[in-house]
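A single chain comes next, written as structure tokens; it is the form predicted on its own.
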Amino acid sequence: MVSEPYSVCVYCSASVDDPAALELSRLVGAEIGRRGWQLVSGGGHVSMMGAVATAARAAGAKTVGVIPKKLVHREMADVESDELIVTDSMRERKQIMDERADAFLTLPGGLGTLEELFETWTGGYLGMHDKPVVVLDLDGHYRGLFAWLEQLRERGFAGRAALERVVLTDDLAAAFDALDPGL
């Protein structure tokens, strides 16, 4: 029996066309492939999500896309994925992505990306998984969010251990070091 490669789930935008964000996505996908890892993504072939998957495949990575029926046309389902899973709901999508991933990497994104990050982060903090959760913060995209989270900690609404459960970095190499099971 062949074992599956180490799988990284990448959360990111499916709507932005910012050149720097798209380039970051390509770099992330290429690095996943260079390491011989597998990509688990939201299954869309647009914006950052599509750029990560395309670059990962070009670098030799297997890609698994997970997309709800309602988004198949909106996010142009990534039919080039090695495995494309179409779900009935967003909840089912996230559950499958969580189950298929060994680690989670969040790139710049909006509400959907934040929702995925917080659910994964909270699950790790509550002991539902012990998988790495990393945020690669391009150009301070999440700076305000993490400043606010620090204020929550200072006011007693979030503990230091909860905030330390995620690795926040603006450096690609540091992000992959934090994801790497061998380090």
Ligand code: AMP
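Just count from 1 along the sequence shown to find any residue number. This is a predicted model, so every value here is computed, not measured.
There is another form of this protein, the form predicted together with adenosine monophosphate (AMP), and it is not shown here; the text below is about that form.
* Partner proximity in the model of the complex: Thr87 to adenosine monophosphate (AMP), non-hydrogen atom cutoff 4.5 Å -> Contact check for Thr87: no, nothing within 4.5 Å of adenosine monophosphate (AMP) in the model of the complex.
* Asked: Would Ala53 show up as a contact with adenosine monophosphate (AMP) in the model of the complex if we use heavy atoms at 4.5 Å?
  -> Close contact is absent here: in the model of the complex, Ala53 is far from adenosine monophosphate (AMP), nothing within 4.5 Å, heavy atoms only.
* Asked: Can Glu150 be called a contact residue for adenosine monophosphate (AMP) in the model of the complex at 4.5 Å between heavy atoms?
  -> No, Glu150 stays farther than 4.5 Å from adenosine monophosphate (AMP) in the model of the complex.
* **Interface membership of Asp137, adenosine monophosphate (AMP) in the model of the complex, 4.5 Å heavy atom rule** => It does not: once adenosine monophosphate (AMP) is placed as it appears in the model of the complex, Asp137 has no heavy atom within 4.5 Å of it.
* Asked: If you check Ala61, Met49, Val40, Val28 against adenosine monophosphate (AMP) in the model of the complex, which one has a heavy atom within 4.5 Å?
  -> It is Met49.
* To do: Let me know which residues along 88 to 125 have a heavy atom within 4.5 Å of adenosine monophosphate (AMP) in the model of the complex, or say none if there are none.
  => If the 4.5 Å heavy-atom criterion is applied to adenosine monophosphate (AMP) in the model of the complex, 88 to 125 yields Met90, Arg93, Lys94, Gly109, Gly110, Leu111, Gly112, Thr113, Glu115, Glu116.
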